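Here's a solo chain for you in structure tokens, the form predicted alone.
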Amino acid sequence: MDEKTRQALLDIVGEENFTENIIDLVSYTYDASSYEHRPDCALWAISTEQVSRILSMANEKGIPVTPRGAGTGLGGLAVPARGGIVLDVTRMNSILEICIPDRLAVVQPGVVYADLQSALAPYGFFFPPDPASGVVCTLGGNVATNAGGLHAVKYGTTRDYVLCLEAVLASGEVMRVGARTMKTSSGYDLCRFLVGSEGTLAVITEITLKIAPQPSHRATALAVFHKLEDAGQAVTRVMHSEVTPSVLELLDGSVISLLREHAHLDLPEVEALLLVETDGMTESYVRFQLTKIAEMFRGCNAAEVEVAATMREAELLWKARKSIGGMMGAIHLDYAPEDITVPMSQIATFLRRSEELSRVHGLDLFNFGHAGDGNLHTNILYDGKDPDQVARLEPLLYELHKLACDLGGTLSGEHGIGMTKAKYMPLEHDPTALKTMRKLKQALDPNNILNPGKMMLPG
């Protein structure tokens, strides 16, 4: 970076918010994906005005800018693929307003998800989307990826809760989109347009979120299925019924076996487990919902349905699902984590055919995830030091994503496209759709400075 540009950036953010130190740049080289590329410098912005000035200068000089929050994304979204500037917004971390009468909260993008939940708890409210990285991930990143989580089956994803955004375009222009109301029919919906755009269209500097009353009661049950198809039928029946669970999770036979071996859990040798939770404002209604779901499970040949009578029993039922992350450290293999999503009616078909593809390509995989919305976390195990296994990984990944799209599904349910899935975009999006996306990118970011190298967009 030339001295004139360096000094201009220092003038904007100050020495305390600028770094070229190699130890800092190494930490900004990667996110939670397998990709890495070092930036030329990193900046911490603390105001919308600073973001505007940074982008205006970068746009004029053609310097790539990669917005970044906590860096917990699995798709390579925060990796500076073309170098340039990493724009860290984690110091823009104020909760600006909580307005219970309007059921909304206004936050800066660097606010940690868990911190917002803690601030809402005394009011008896919460922000329903719940990504697994909630204790560290930032709300700006949640908006950029349209993050979901366990409770999306009932409550939806981040996009369903974003009311307004303040965003800075590549030119440095600041715009506000959306409305502080529960509904609006005024012009193009630019607010939803920016949600899930992965920092390729604008840098988000303020977020107005819809919030909801926190349910006061929950109930949990675990169902055991000897046949995967029966578990798939149970998911379909529940989601077509009058009852909507708050959580409906599936673990396939492969992950169950791995949990027995590496997490030392006493689990049955079956093809699927379903974990279900219901919630609401009265215990009687929550238990009524769970009873109805348990009946549907039994009607789909569940070998056993265990209903938790206490919170302690519920925690024990959750133990298998919560042990998956820790189990990965005990396996001593690399793994490729995916978030392929299919229509709920196609879950069993996808799982069976993924088993077949695993055998064809000679790599083990396991599936778990959010069965209630068809969002499955397919994890492929491989030895990264074995060139043969690495060579077999990409064809298997391609076939799995193609299978999902052939079944009417999508490449990503909640992780985003980023670098990891960019090459698969033509499997889901036709040439006209892809051309339209590129035209929109060109219109808002003609010099392609915003997070280039992502989503199969130019650059």
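All of these numbers come straight from a predicted model, not from anything done at the bench. From 1 onward, residues are counted along the sequence shown.
The same protein has a further form, the form predicted in complex with a small molecule, not shown here; the description that follows concerns it.
Q: Only one of Pro109, Pro80, Gly372, Gly232 comes within 4.5 Å of the small molecule in the predicted complex by heavy atoms, so just point that one out.
A: Exactly one residue meets the criterion: Pro109.
Q: Using heavy atoms only and a 4.5 Å cut-off, determine which of Leu259, Val162, Leu376, Leu74 is in contact with the small molecule in the predicted complex.
A: Contact residue from the list: Leu74.
Q: Can you check 214-222, 312-320, 129-137, 350-358 and let me know which stretch has heavy atoms within 4.5 Å of the small molecule in the predicted complex?
A: It is 129-137 that comes within 4.5 Å of the partner.
Q: Do Glu198 and the small molecule share at least one heavy atom pair within 4.5 Å in the predicted complex?
A: Output for Glu198 is yes: heavy atoms within 4.5 Å of the small molecule.
Q: I'd like to check something about Ala144: if you look in the predicted complex, is any of its heavy atoms closer than or equal to 4.5 Å to a heavy atom of the small molecule?
A: Yes, Ala144 sits close enough to the small molecule in the predicted complex that at least one of its heavy atoms falls within 4.5 Å.
Q: Is Ile46 part of the interface with the small molecule in the predicted complex - any heavy atom within 4.5 Å?
A: Ile46 lies outside the contact set for the small molecule.
Q: Please check if Ala202 has a heavy atom lying within 4.5 Å of any heavy atom of the small molecule in the predicted complex.
A: Contact check for Ala202: yes, within 4.5 Å of the small molecule in the predicted complex.
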